[in-house]
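First comes one chain, alone, set out as structure tokens in the form predicted alone.
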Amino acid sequence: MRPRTPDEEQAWTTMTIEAYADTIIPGEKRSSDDRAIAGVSTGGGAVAAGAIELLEWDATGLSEALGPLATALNDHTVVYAAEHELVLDESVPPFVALAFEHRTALVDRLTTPGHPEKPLWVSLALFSNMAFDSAAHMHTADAIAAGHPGLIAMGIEQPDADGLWRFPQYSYGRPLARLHPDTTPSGSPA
């Protein structure tokens, strides 16, 4: 096999990290030839929610480590595949070549208490969740306007026309406590 170009290496890394994020919060394939997304769920998962964009953001502290993490994940995959006598398609990264049930089994192994690399794999999983649960890499109003799958799944409403959220009705359908008599009209304590 010939060495990969830097662009091919980046694509290999992205596919591997996408497949990991999709294992954490599965989504549907982006197209029929999508190999990174296993397609075991309907709607958008972690990848559609922006897991790669969040992980590539310098603020995560993981952006420079994505290449080495992808390499390590693929190395673990080769060992896992040999243990389970699996033949991997060499046209895609090893982790991407795994069937979803094997992806989840390997991620379970890597995130199990006692695994020496557990903190790395748990961090990657947490950021995958964060992309879906909070769209941390985007302004919330922009994420909702763009149809962010995680925020939609959680039922986050559109802001008012001025970009602010107001809740004319309490989320539980009733006040949770009586207002203190000294509370100001703005809601601040007196």
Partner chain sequence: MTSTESTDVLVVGSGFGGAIAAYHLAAGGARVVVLERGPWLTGQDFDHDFKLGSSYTRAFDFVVGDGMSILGGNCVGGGSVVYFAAMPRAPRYVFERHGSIGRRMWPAAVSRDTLDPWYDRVAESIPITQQDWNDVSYAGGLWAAACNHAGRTANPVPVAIDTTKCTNCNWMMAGCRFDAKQSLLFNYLPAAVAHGAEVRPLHEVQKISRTDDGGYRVHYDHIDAEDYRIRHESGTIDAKVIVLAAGAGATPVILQRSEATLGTMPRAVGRYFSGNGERLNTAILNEDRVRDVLGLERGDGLAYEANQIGKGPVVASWDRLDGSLPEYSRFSLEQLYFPPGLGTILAQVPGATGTSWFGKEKKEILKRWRSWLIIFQMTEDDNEGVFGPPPAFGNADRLSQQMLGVGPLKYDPTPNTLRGWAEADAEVKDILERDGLAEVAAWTNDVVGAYTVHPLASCRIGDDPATSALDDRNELRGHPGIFVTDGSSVPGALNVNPAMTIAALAERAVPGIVQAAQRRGVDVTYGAPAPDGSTSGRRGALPLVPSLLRH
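Numbering follows the first chain given and starts at 1. We call the rigid core the largest set of C-alpha positions that still match within 1.5 Å between the two forms. Because the structure is predicted, anything quoted here is derived from the model rather than measured.
Not pictured, yet referred to below: the form predicted together with its partner chain.
Interface residue remark: D133 is counted as part of the site for its partner chain in the predicted bound form, having a heavy atom within 4.5 Å. For the chain shown alone, D75 is not a contact residue for its partner chain in the predicted bound form, no non-hydrogen atom being within 4.5 angstroms. Residue contact with its partner chain in the predicted bound form: P116 places no heavy atom within 4.5 Å of it. A residue is said to contact a partner when one of its heavy atoms sits within 4.5 Å of a partner heavy atom; H139 meets this definition for its partner chain in the predicted bound form. Of all the residues from 103 to 120, those having a non-hydrogen atom no more than 4.5 Å from its partner chain in the predicted bound form are T104, V107, D108, T111, P113, K118.
Fitting the two forms on the rigid core leaves the C-alpha of Q158 displaced by at least 2 angstroms between this form and the one not shown.
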